[in-house]
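Here you get one chain, nothing else, as structure tokens; it is the form predicted on its own.
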């Protein structure tokens, strides 16, 4: 037993998969693992930008960041990613961070089916089937002393009703919160721990587009009077994946500066 911080939160030499890991919250999480000497595979649809980001992060943190481009909102893309990882890491992976997501906003009376399907597929269907198909790789590294981990990135919009008309987004994030509990129950006996994080406002392409990348009024609405930082989200994700978080199971932890509970 060691209660030293360098042991409690040690994630060095781990193999991590972060979907949507090239920007926003995904990039923050990826950077946190790389800074602590994990090998990280990141996914995104736009190959050129993904490869550039992986090279940038590898050089910045002197650790291996590997790009895997593709559309994981459908079965073909999920299967291609799983095959790549099986070939690249035959001995298994340690952590899966289901971060890739999409949003769609439209008036209730005009909300389109396409906006529903796109968001539900990527935000809810993909985490389930990717976790299902990567379970054998996660099991290879999993032990009772050092379980493998799955962290689903939800949202506080799955916990309360947001101001914007993003019906499929709130439904998907509420769904992933409950799915996290169900997966946790199923996989704990296989030495795989599943939890979720519900972020509030962070600097991201998704939120930035909605507010023209001016976060000042959002920051004022947060009890902490700021939006989230890389340290906030990466630190929490590392906690959940480290020895310190090995007895936390099926939880959704808010990371929102107090928005969900204090307002």
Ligand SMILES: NC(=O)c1ccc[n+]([C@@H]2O[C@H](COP(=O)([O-])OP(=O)(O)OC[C@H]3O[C@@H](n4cnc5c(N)ncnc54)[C@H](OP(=O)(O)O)[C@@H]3O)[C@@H](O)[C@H]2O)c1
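Being a predicted model, the structure only gives us computed values, none of them experimental. Positions refer to the first chain, counted from 1.
Beyond the structure shown, there is the form predicted in complex with the named molecule, which is absent from this document and is the topic of what follows.
- None of 182-190, 134-142, 105-113, 168-176 except one has non-hydrogen atoms within 4.5 angstroms of the named molecule in the model of the complex; the exception is 168-176.
- Exactly one listed residue, out of 117, 79, 71, 146, brings a non-hydrogen atom to within 4.5 Å of the named molecule in the model of the complex: 71.
- Among the residues 46, 226, 60, 37, the one placing a heavy atom within 4.5 Å of the named molecule in the model of the complex is 46.
- The closest non-hydrogen atom of residue 200 lies within 4.5 Å of the named molecule in the model of the complex.
- Interface membership of residue 204, defined by any non-hydrogen atom within 4.5 Å of the named molecule in the model of the complex, is confirmed.
- The closest non-hydrogen atom of residue 97 lies beyond 4.5 Å of the named molecule in the model of the complex.
- Contact annotation for residue 23: at least one heavy atom lies within 4.5 Å of the named molecule in the model of the complex.
- Taking the named molecule as it sits in the model of the complex, the stretch 118-154 comes within 4.5 angstroms of it through a non-hydrogen atom at 122, 153, 154.
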